[in-house]
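Structure 1 and structure 2, given next as structure tokens, are two forms of the same protein chain, each shown alone.
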Structure 1
């Protein structure tokens, strides 16, 4: 969930009202936001870097507000204030308008060449005219781009935004892709020109930019945007040129978004322009720009598309569980920036979805907004009349019964991880990893999670190792799932419910574990015997001490092993005493 940091006093000024922290927290809760933290730059510095570094830092109170991941329109102060003001009915949602250049001139044009196809094929653009920045507005503008980059743009992989002082460059602009050696320009905040190849090594150590290098690093061609004089606007998705950088004094802004996902590029551009057109001389207007594709097609951006959905008041009432008139529902929706009107035919409501609400893709999204505006906590809670009979999953029912009886037999239940290292299920048990049928994880962060366990034994032995100080004997069990490769399954693997128990003492206690097997079989109503019953017979298994291992058969089918563990197994789990164990599959008893 993205977190937006705003200055409290600035926020209240923009909202035209002061709140106590509790009141604001309550407002957030109702609207689906979360006031996550109240802090200041100084506090943050003290916490992150210690008191010395924080000296002289600002004490201005900051609200850190968690915003739902799909609400890109709330990622900056401007958007938050607009959303809350409309919600509180203090403001009518603005109408965003795309306009042609004022003087009747040609729109700015961005020409895409076919070379971009292999690396980053899409681009959209727009112009903000006669904008007035202040320090705060400027910072918010930069911050919004960063938030969008981190969220909808998926760390610039899907979309990268470039903003430029239009008065320093001249169109038409060309979006192309070139070999890194042929790209040369002075990037933002550097004092000289670099080739693209040099830049990539320069930014290897840049704490911020190094995260984006991988996106194009191994591409033969890098994306690049030039103006008509060959000046570099940007090398997306890495860095802008220094020449066209914006400042507090910038009046006219050229915005380009290059992308691998055109839908997300359009949304991103719409967000930037809808949020900041409020500071244009003609608020909420955005000057169009043309994008020409390699095949000659021409598109005009930003889309700023309004869409109308028609739904009935009855639909909302039935889905939410309220009973409101169509008019009142239309009013609720309007408070969520979804301008709505009752159309006159029955209880049909016309809902207009603005370009800021890209998250509304279905009538159910509109229904949710009605419920939020109504207040989730004002909805009457009622019990559905759905009549059903409960059933337990047989394997879980059996597990529950056996667990109870194993504790009654004096064994204590352990709960161990289903993931472990290869070593745990192979080397430490004196097995070869290839014979374990283990499922392997491709991207574990630590060696503790290389495979899904194929046996419950390593977990129990680790539990004993962690409890060596407890008085002997230690008697532990677990009934849980292991995972085995199985080609007959759609995913190629299946779980297997197993029962494992260990006895750890100064003497091996084979008879204790054997006694436990007898008790379990008694509970499962399987009598001792060769054919219809159960029996054990000597077996060799590398995990067990030679001559001290038996295979367990029930109704003629092998279900597992019991025996005294091999001394090497004991020492590999950092244990010192003899130990006996039983490991059986309980699924045959279902």
Structure 2
């Protein structure tokens, strides 16, 4: 959950009321928030960096408030105060309005060129006119952008926000992409101009910006925004230009959001303008801006879209466990910034979803807000109408029992990743990827996590490779699920619980692995035998050394293999000594 830090005195001044710490903690709980910590800048520095670093730091009391991750409208002081005042019925939820330029002139225009398609193809924009900043408002404005970047913008990978002093630049603006060597400008907080390539080198040591370089540094073209005079506004998602930086004296702000996800960009823009339009001469109004796409389409932003949902009072009463009239429920929802009224047809309630509540996507979200406004502590405790007896799944119970006994046998349990690379389950095991029945990840973020594992063996061998300096022998096991394609399942795949163990030493230790098999079968009460028991017979498997592999059968069905691993497999996992392994399916023993 995101944590919002606000100065206590500033918060109480905005709320128009003072609270004790206990009273404010209770208010937060009633509103669905949590007062996580009461501290100060000085206390934080003493705790994190020591007393010397804290000299001269502020003693102003800070409230650290945990906010639900999808409540983007509560990530700043302005949104928090607005939400609490509406909740306490001291204020009506404002209506946000998009307006045309006051002087009848043309709206600001942002033109997107086709070169951006390969890097960040989307952009939205808006203007805040005649805004008045104080030091606290300015700091809150910057803080909100950072909170949004870390939250809905996914560390700028999905959306990057740029804010500019409109009086220092002139439209129309052009959003394009160019080779790094052709981009040159003076970035924020720097004294000279740099090329884009130089900036990427400069920011590799920057504690803040270095985390965003990977987003575009390997791209042949970098996104860039110019005004009509060729002045650089920003190089998203890295840095803004120094020329258009905002300050306490800024009166008109041009806001642009470039993105790989248009929906997230619209939400982000709506959040910024709705939170800070309160400081405009005409509160809660936002001047529109036009965005022209490469195909000639023209869109006007911000959308500030309102929508209406209709649901019954009975729906909410049954799911929350209360018995309120439709009028009472409508009043509860209105306190949560969801203007509501009874439609006049039975107990149907029409709920208006404002642009600040992007978290409301389903009737259940509305029901949750009604429960919060009613008060969780006010819901009468009741006994469920249906009774169930919880019990452990048989496969998990068997797994736990086997884990205990394999540990008693001298093996150490490992827990490895459920995802791995194609190479791990195919080439390194001397198999063809098409034969593995592997489920592939459609958009893997890294080459290490391309497929769901079809075998536990690669994970154990990688664990041994990472612990080669440990005393020999290394005896590891894992009992976990693998994922296999299965056309008979509605999702096209199924989980399969398997047991895998490896023995790594100067000698292969086949007898150790064979003995482990016998112990497992003894625990499962399966006798040696060809029909109703278990047996092994010689087999060929490319993962194992020829002539040193056996297939395991139980009650006439194959359940796995054991043997000495092939030298090629050993070397491909960067190991130097022989290794024996067993890999069996334990589901037939349930």
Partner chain sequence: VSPSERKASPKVDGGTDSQDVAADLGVDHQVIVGAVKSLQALGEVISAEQKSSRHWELTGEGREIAEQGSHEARVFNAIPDEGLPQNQLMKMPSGKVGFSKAMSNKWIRLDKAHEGGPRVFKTVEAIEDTVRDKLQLVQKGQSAKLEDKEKNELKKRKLLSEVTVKSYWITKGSSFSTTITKQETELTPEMIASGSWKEKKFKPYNFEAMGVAPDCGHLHPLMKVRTQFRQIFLEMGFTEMPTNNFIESSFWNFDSLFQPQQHPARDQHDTFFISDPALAHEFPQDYLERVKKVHSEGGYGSQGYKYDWKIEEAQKNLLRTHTTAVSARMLYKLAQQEKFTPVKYFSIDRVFRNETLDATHLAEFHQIEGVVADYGLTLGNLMGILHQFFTKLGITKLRFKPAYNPYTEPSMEVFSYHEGLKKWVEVGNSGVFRPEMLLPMGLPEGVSVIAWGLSLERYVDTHT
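Since we're looking at a predicted model, the values are computed, not measured. So that the term is clear: the rigid core is the largest set of C-alpha atoms that superpose within 1.5 Å between two forms. Positions refer to the first chain, counted from 1.
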Pick out the form predicted together with the partner chain: structure 1 or structure 2. 1
Is residue 522 among the residues whose Cα moves by 2 Å or more between structure 1 and structure 2 after superposition of the rigid core? yes
Is the C-alpha displacement of residue 307 equal to or greater than 2 Å between structure 1 and structure 2 once the rigid core has been superposed? no
With the larger rigid part held fixed, what angle does the smaller part turn through between structure 1 and structure 2, rounded to the nearest degree? 33
Once both forms are fitted on the core, what is the Cα shift for residue 393 between structure 1 and structure 2 in Å? 3.9
